[in-house]
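First, one chain by itself in structure tokens, the form predicted alone.
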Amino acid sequence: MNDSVRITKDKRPRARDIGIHIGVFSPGKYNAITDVKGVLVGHCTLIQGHGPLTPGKGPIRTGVTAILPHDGNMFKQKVPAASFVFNGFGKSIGLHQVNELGNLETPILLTNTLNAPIVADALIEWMMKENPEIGIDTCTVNPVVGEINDGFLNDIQGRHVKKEHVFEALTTAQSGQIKEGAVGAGTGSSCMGWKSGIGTSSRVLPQDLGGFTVGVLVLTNFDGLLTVNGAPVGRKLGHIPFKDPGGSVMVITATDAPLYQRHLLRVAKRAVLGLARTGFYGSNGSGDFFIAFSTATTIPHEPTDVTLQGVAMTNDALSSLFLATVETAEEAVINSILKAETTVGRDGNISEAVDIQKLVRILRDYSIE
């Protein structure tokens, strides 16, 4: 591992850029959730003002992130999905119906805690414009929104994410490489004592294990003692933030493996293990929510038959997908921290970016590659 890493102002590295290779499976082309064919991600980032907090006015350090399982009409063509709550100190919206019916019928939106109802309202409006029969000639719609508390840096009482910002994140969502770090819903988040935000990664299983792809996107805002590929980075750098009041995390797992709700619930749970390998422990005040969905098939809103036809992976075959999920979640967390830049928020509160050079030296000392 090279301990001399050049960092430019506008380009902090991802884990693999500095020789951190987590796990045994290979990443996809973009090493992102968008390696799962059809998945799109969009952000809208809000940064405005400096200095003392004026509740309702600023400073603003927040945003919204959209994850779309496909680019079609999700109400008409739902995808199999499941959700899991590790520690329920949070205000996520729509997860009960996801597990009850086993499907997802809207994009997933991420934002700050107090903005969640406004973002859900905007998502409902978006879906009704696309499906004017909602609530009139057919059932209502189940918006899915996840959140974290970014109040250390952001005027969270201001609820500055509005309908137009939600629509921007949805309309600009794209495949391929996506922005990470202090962007979108991650603009005001911090993780294990450092600035963090959005992170992503992916794995592709070998053909003899199915050849399926799994991708994870995380919004990190939790407590813990940062561990990078087994090295005790947080302890060596003196960042032991257990005195913090809490934190949260949203983890979105996508796969093209043919899975339904029961299988996806098992996949969603495995992502917890990937977080634990980075230092996550699920503090009292942490809202830790996990969503998994499959793009292998769609479920019509108006089926033409009383039965659904489909295939699914066997239970025995799931083990390799579980491991890939663990690896992917772990690397996504590390990317969320590495890519984030130091951010100054309300009242001059500072969330420092992790020092890449020091981190690399610690990994070298522990012979971690």
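Just count from 1 along the sequence shown to find any residue number. Just so we're clear, the structure is a prediction, and the values are computed from it rather than from any experiment.
Beyond the structure shown, there is the form predicted in complex with another copy of the chain, which is absent from this document and is the topic of what follows.
At least one heavy atom of Val141 is located within 4.5 Å of another copy of the chain in the model of the complex.
The closest non-hydrogen atom of Asn99 lies within 4.5 Å of another copy of the chain in the model of the complex.
Taking the partner from the other structure, another copy of the chain in the model of the complex has no heavy atom within 4.5 Å of any heavy atom of Cys44. When another copy of the chain is considered in the model of the complex, Gln157 lines it closely, a heavy atom lying within 4.5 Å. The single contact residue among Ser319, Gln48, Ser26, Thr342, judged by any heavy atom lying within 4.5 Å of another copy of the chain in the model of the complex, is Ser319. Put simply, of Ala120, Ala173, Ile178, Val204 only one has a heavy atom within 4.5 Å of another copy of the chain in the model of the complex, and it is Ala120. Between 262-270, 213-221, 178-186, 194-202, the stretch whose residues reach within 4.5 angstroms of another copy of the chain in the model of the complex through a non-hydrogen atom is 262-270. Taking another copy of the chain as it sits in the model of the complex, the stretch 300-324 comes within 4.5 angstroms of it through a non-hydrogen atom at His301, Pro303, Asp305, Val306, Thr307, Leu308, Gln309, Gly310, Val311, Ala312, Met313, Thr314, Asn315, Asp316, Ala317, Ser319, Ser320, Phe322, Leu323.
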